[in-house]
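To begin, one chain is listed below as structure tokens, in the form predicted on its own.
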Amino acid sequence: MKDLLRTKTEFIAEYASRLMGCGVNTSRVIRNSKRLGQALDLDVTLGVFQRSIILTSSDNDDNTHSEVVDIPKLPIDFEYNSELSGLSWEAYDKKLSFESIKQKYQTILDSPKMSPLIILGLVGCANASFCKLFGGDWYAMGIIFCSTILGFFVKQQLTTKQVNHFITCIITAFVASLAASTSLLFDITSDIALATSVLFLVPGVPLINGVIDVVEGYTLTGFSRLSEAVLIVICIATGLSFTLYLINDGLL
């Protein structure tokens, strides 16, 4: 019985760490984990921190087991988040067996992800749209599309090689803005092109989650996320500043 409790607790702890790692706000992680625990006839308590989760579960016989797991660094994926959240509801509503829940969980993990080439194209289109939104012309949009693809490709490669996240942001911002600086050679809205060239790096999800966590009382994780987001913004500004320094000292 205790072995089963330990196995279930390890599973819920891994589930919670996956949710936290791919960009879910803290209250949602706790709700989903508790719901999954109820589906497995366990009472679950969580302590969520920026880099780790402490999870304790107890069964109907008052046996308890605790797990401490690291939060993995995963790319933000809303589809992944939705499927994992849906799993907790399905397990709770349909009273699925532990084996069925584990099988469905593994199916979600093994599901094919979007091709990196498609992601490159979509990110390029999104950032080019930002350029148009802020008043850029069609020529500037074309340059931003190409510079974004180049910058995001560099980001993908550096992330694959596990380069420090903040250094990756600086290099990516520099590459993207330097490529966008070619707009200065033409009679187009080059100032808007330069300004929007790094918008795809803005940490919107950490900023939103940080505010939500603070408002809902999870101050520690909230301020940790906000601090990380601020550091990313500083890294973006640093990379852009390198480009401005190279092309025109007077712009700094």
Partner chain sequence: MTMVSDIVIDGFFAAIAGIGFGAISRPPRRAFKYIALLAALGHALRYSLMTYFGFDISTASLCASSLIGFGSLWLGKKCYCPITVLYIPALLPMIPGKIAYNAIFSLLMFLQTMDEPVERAKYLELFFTNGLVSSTAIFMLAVGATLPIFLFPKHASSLTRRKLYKD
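Only a predicted model underlies this, so the values are computations on that prediction, with no experimental measurement involved. Numbering follows the first chain given and starts at 1.
Same protein, other form: the form predicted together with the partner chain, not shown, and the subject of what follows.
- Although the partner is absent from the chain shown here, none of 8, 105 and 150 has a heavy atom within 4.5 Å of the partner chain in the predicted complex.
- When the partner chain is considered in the predicted complex, only one residue from 69, 207, 220, 188 comes within 4.5 Å through any heavy atom, namely 207.
- Heavy atoms of residue 175 never reach within 4.5 Å of the partner chain in the predicted complex, leaving it off the interface.
- Proximity of residue 141 to the partner chain in the predicted complex falls within the 4.5 Å heavy atom cutoff.
- At least one heavy atom of residue 86 is located within 4.5 Å of the partner chain in the predicted complex.
- Although the partner is absent here, residue 166 is not a contact residue: none of its heavy atoms lies within 4.5 angstroms of the partner chain in the predicted complex.
- Contacts of stretch 75-97 with the partner chain in the predicted complex, defined by any heavy atom lying within 4.5 Å, are made by 76, 77, 78, 79, 80, 81, 82, 83, 85, 86, 89, 90, 92, 93, 94, listed in sequence order.
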